[in-house]
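Single chain ahead, by itself, as structure tokens, in the form predicted on its own.
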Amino acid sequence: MVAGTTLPDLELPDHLGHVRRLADLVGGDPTLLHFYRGWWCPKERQFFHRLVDLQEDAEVAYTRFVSISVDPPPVQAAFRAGLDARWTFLSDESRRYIGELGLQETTDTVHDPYLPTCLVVGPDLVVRAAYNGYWYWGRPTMDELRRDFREMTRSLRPDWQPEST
């Protein structure tokens, strides 16, 4: 996954078991699409704490988060609640999209998870920025995400710069 790639319109169950489409979740807003290993990974938990700190800013800035793992919906629901996260978690328990997206984590043969990846995605499902989080330092900082969201919002919103009177 690199900038400029158009994502397929993924269709997966959310943390409550309701099937959701990525395009509907993204809507017209900048979105962080976060593929993560699973609830059991300490690196993921650490990164999620940072995202939870950012979620209030994202909500008032018309920015969305979507997190995807191979964990089943009930496990995701418990993990999400424990984090106090309010965004949608999608379950690819059947690993339907791992190969298609090229996000197979090859070193973990026990959980067979997604390769930790963060994608900043536009309403057209085009990747604007990509971060490979296999090594923890490859994940975006919250400042990098803020910068990416600012740049995308500026390009999406014709009223970014109000007219002077």
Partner chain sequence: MTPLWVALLQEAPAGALTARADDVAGRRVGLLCLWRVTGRPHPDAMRADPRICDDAGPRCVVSLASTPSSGRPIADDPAVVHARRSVLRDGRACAVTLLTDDPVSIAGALTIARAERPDEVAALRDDPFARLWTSRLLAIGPGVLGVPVRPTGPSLERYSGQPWPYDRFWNQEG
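Just so we're clear, the structure is a prediction, and the values are computed from it rather than from any experiment. Positions refer to the first chain, counted from 1.
If you look for the form predicted together with the partner chain, you will not find it shown, but the lines that follow are about it.
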| query | Of 93-101, 48-56, 135-143, 106-114, which is the one stretch near the partner chain in the predicted complex, taking non-hydrogen atoms within 4.5 angstroms as near? | reply | 48-56
| task | Answer for residue 25 alone: is it within 4.5 Å of the partner chain in the predicted complex, judged on heavy atom distances? | result | yes
| query | Do residue 65 and the partner chain share at least one heavy atom pair within 4.5 Å in the predicted complex? | reply | yes
| query | Closest heavy atom of residue 147 to the partner chain in the predicted complex, within 4.5 Å or not? | reply | no
| query | Looking at the partner-bound form in the predicted complex, is residue 18 within 4.5 Å of the partner chain by any heavy atom? | reply | yes
| said: Heavy atom within 4.5 Å of the partner chain in the predicted complex: which residues of 59-90 meet that condition, in order? | reply: 59, 60, 62, 63, 64, 65, 66, 80, 84, 85, 86, 87, 88
